[in-house]
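Here you get one chain, nothing else, as structure tokens; it is the form predicted alone.
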Amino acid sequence: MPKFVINGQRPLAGEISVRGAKNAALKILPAALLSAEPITIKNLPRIQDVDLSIKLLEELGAEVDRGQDSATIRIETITDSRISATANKLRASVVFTGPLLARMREVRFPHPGGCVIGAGTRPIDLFLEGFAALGAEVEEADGYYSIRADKLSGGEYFFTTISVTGTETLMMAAVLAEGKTILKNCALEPEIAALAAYLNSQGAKISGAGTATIVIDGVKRISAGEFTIMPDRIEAGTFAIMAAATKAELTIRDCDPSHLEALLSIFSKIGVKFSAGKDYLTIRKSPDISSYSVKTHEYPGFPTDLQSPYTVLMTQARGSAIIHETIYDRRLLFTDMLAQMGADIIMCDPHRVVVNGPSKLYGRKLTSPDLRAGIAMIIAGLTAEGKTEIDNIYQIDRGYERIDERLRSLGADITRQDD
């Protein structure tokens, strides 16, 4: 199995461009199922999760013509409404259920998988309840869910827990339902508004996307066209945190700083120097930063997907910070590996740790448990003295395209090696 080997404390500098948003790509790919017409997707990142999504589409009967950073998908006839066991490797596979149910009126699928925080322990009750609110019948047997509906009818559903994938999945199921659907307590992420804008351009009638209440008036048919994926705000934030942690001067190109207000407001408080334009963010050398406690929250709050890199940053800050993870109950377990590297971290409970800094980190042999912890370990390895080895880098490849090559262009000593 391949691993990353990092020789730390090399000076980093230069420019790095942000790729297309993983969390937008994994929703526009299932949206291709809504229409028999071809869709062309641009700025498509070459990451493992996208590869798995395309595999699922091909298993359902799609023809996919893939370029370097684009793909044209045609699915005139869906040959199977069953989602294969490939879904066990991909949490976002659950999003396929909405478009499939809308177009085929039935779908059968296994419990979605993913990384350690996205595997079978994460419930999908919001999806099942939402489908039932649209008139579908839900059955579960032998580890598979079967959803059927002679017709989908508009209805109302209130998300008792805010869910990005739940909002997007039910929104896509409702576009071809009869009548009006009202979704309440929806997620507010910009990727949701972008998906709705595309669907509206192809004939859907969606209003309120990006707010807590989304109204969908069902239509009989959806067309397909061209969709350009927005910049990945999580990748941009990750690079910004990496620059701050390694005391580098780094310009991040092809990003949207307006999507990072929660992080940048904290940077202003703790002494990270930066400047921002419409599509770039420059982090300047900031040798002395202060600790600051964070509590993860749904957008526009501090993103859970930046919590792991930010925890590494706090090991290099002066003072004590409480990291309170409110979204995923297993996302702080990786901090034990930071402690092995020399970080002063106290776990209060599964949702909170105290980070005391600054701490000198030392290279260690590590294993990446999930996507965001994996990139945090890379940041820790770049900061640490000595050699760091990171196994299970498949998890990192799920969301960061050619990350080793891109970091080497900044001066990092990081290589991909076969174990």
Ligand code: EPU
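Note that this is a predicted model, so its numbers are computed, not measured. Note that residue numbering begins at 1 and tracks the sequence as displayed.
FYI, the form predicted in complex with the named molecule isn't displayed, but the following is about it.
Enquirer: Using a 4.5 Å heavy atom cut-off, which of 139 to 147, 252 to 260, 67 to 75, 300 to 308 contacts the named molecule in the predicted bound form?
Expert: Heavy-atom contact with the partner occurs in 300 to 308.
Enquirer: Even though the partner isn't displayed, in the predicted bound form is N88 close enough to the named molecule, meaning a heavy atom within 4.5 Å?
Expert: N88: no contact with the named molecule in the predicted bound form.
Enquirer: Any chance E235 has a heavy atom within 4.5 Å of the named molecule in the predicted bound form?
Expert: Flag for E235 set to no.
Enquirer: Can you tell me whether Y280 touches the named molecule? I mean in the predicted bound form, with a 4.5 angstroms heavy atom cut-off.
Expert: Y280: no, not in contact with the named molecule in the predicted bound form.
Enquirer: Do I162 and the named molecule share at least one heavy atom pair within 4.5 Å in the predicted bound form?
Expert: Yes, I162 is a contact residue.
Enquirer: Just one of A132, I266, I327, L188 has a heavy atom within 4.5 angstroms of the named molecule in the predicted bound form, so which one?
Expert: For this set of options, the contacting one is I327.
Enquirer: Here the chain is shown alone; which of D288, E156, D349, D125 has a heavy atom within 4.5 Å of the named molecule in the predicted bound form?
Expert: Flagged contact: D125.
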